[in-house]
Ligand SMILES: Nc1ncnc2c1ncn2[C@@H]1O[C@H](COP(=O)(O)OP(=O)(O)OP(=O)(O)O)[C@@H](O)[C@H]1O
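Read the single chain below, which is given as structure tokens and is the form predicted alone.
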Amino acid sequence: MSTNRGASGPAALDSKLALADLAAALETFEQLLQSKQSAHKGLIFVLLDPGVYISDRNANPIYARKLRDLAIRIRGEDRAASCLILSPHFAIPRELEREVTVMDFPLPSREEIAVYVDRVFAKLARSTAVTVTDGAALRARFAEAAVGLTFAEIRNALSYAVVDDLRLDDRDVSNVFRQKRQIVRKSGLLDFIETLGLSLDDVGGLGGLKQWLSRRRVAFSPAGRDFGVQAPKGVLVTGVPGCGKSWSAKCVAASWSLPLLKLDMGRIYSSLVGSSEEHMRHAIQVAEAVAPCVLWLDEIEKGLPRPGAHIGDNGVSLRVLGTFLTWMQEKESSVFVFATANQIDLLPPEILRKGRFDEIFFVDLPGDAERREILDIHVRRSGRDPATIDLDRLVALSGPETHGPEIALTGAELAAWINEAMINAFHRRLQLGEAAPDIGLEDFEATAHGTVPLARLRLEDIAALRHWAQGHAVRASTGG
């Protein structure tokens, strides 16, 4: 706000510079309130981003006192005046809590975004320089992808899409997700995980988990919302390490065509008082801004306080846990939380209570049919035809028949086994030349007996996991 309306030159410049200081601005506001010229006029005082002056970390009692005096004077003298504080993030000092009314401006709703996208499409359609593939379906895809963005961010995404090739079509929907990726990168707390080319078909076995996830895909579609289906809260997947928990998180996000955000709990904690809780709240806000999305918390037990253990961080981890659990219980945004855990006994019991996650699944060692499916997937990913390899023999080599009762290779061990066989085949080709045969059963047999399965090293731990899962979790597999 300028006090020299219409003035120019050094005097006006000095006035503007003076208003850049909070104390000077408040003094100017006081002078205007005392002015006889403004006695019968309404006044609106605007403060832009004053938090740097009056936040708790940079608290200056003079600034808070002057701002409070201004509020009391406006109210006490019954003046037609208001003071607006505009800031994207503003922590209200305790002295001002009773003097301030907080108003949040939410992100645009789906309906508002749809109207804005329709307006932009109509404007571009009238341009002779831009080719627009107009259609209700394409506009709906743009609007759905833009949920969680501001109008400025949507405009930027559409501008990038048009400038790229002077066209606006189905391929340009990815520009909206690129804009969301920027939001995630700027947060510094979340990672945007690429899932191009994946689907639930790339998960070997785990039929029960895949069926459960497939049914909930409709919850994120416009038709599902119109029907009244509520977005699911999330799922907790626990079990034997290396059996596809993390891989499933990537594949479900790709299958649902949703962004995948990974939250590293280690980034949440900070040495500054109050920063850890603030980081968790900020990470949640970013996830909700990018929604609909999948929020992946890998090995969640490593970032939460252990039950019954001594808490030596002055309760920081408990407050972070409380913030996360409250959000999980009350959240209405389309953020699907996919949490994985290897050691379920390290999780606090509060997180296992119904209402936090929609379901808890247990992933066991893969059975014969599941190992065959996993081998088929990884052989194809290596560029080979599974029909040229005796998969039945590989299933026998990777299971109890070779390694002993109750012992089988995990999915990660099967992938590593195939890679070892590929190395053997390539080494043979280096020695014999192009005439050497391609990868064969002998390459797998050469390394099969040299592998020490995780199931043998952690046999007691796996037995304890199975015992816990009998009454607490749903089996992720549909067969043995």
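Counting begins at 1, following the sequence as shown. Predicted, not measured: the structure shown is a model, and the values here were computed from it.
Separately, the form predicted in complex with the ligand exists; it is not shown, and the next lines address it.
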{"item": "Heavy atom distance at most 4.5 Å to the ligand in the model of the complex, all of Glu277, Ile300 and Thr323", "value": "no"}
{"item": "Residue stretch of 79-87, 389-397, 283-291, 245-253 approaching the ligand in the model of the complex, non-hydrogen atom distance within 4.5 Å", "value": "245-253"}
{"item": "Partner contact for Pro232 in the model of the complex: the ligand, 4.5 angstroms, heavy atom", "value": "no"}
{"item": "4.5 Å heavy atom contact, Asn342 and the ligand in the model of the complex", "value": "yes"}
{"item": "Close approach of Gly224 to the ligand in the model of the complex, 4.5 Å, heavy atom", "value": "no"}
{"item": "Contact test in the model of the complex: Pro93 vs the ligand, heavy atoms, 4.5 Å", "value": "no"}
{"item": "Selected contact from Glu359, Glu144, Asp202, Asp172, since only one has a non-hydrogen atom within 4.5 angstroms of the ligand in the model of the complex", "value": "Asp202"}
{"item": "Answer option from Ile439, Ala415, Leu26, Ala448, heavy atom within 4.5 Å of the ligand in the model of the complex", "value": "Ala415"}
{"item": "Partner contacts for 341-379, taking the ligand in the model of the complex and a 4.5 Å heavy atom cut-off", "value": "Asn342, Ile374, His378"}
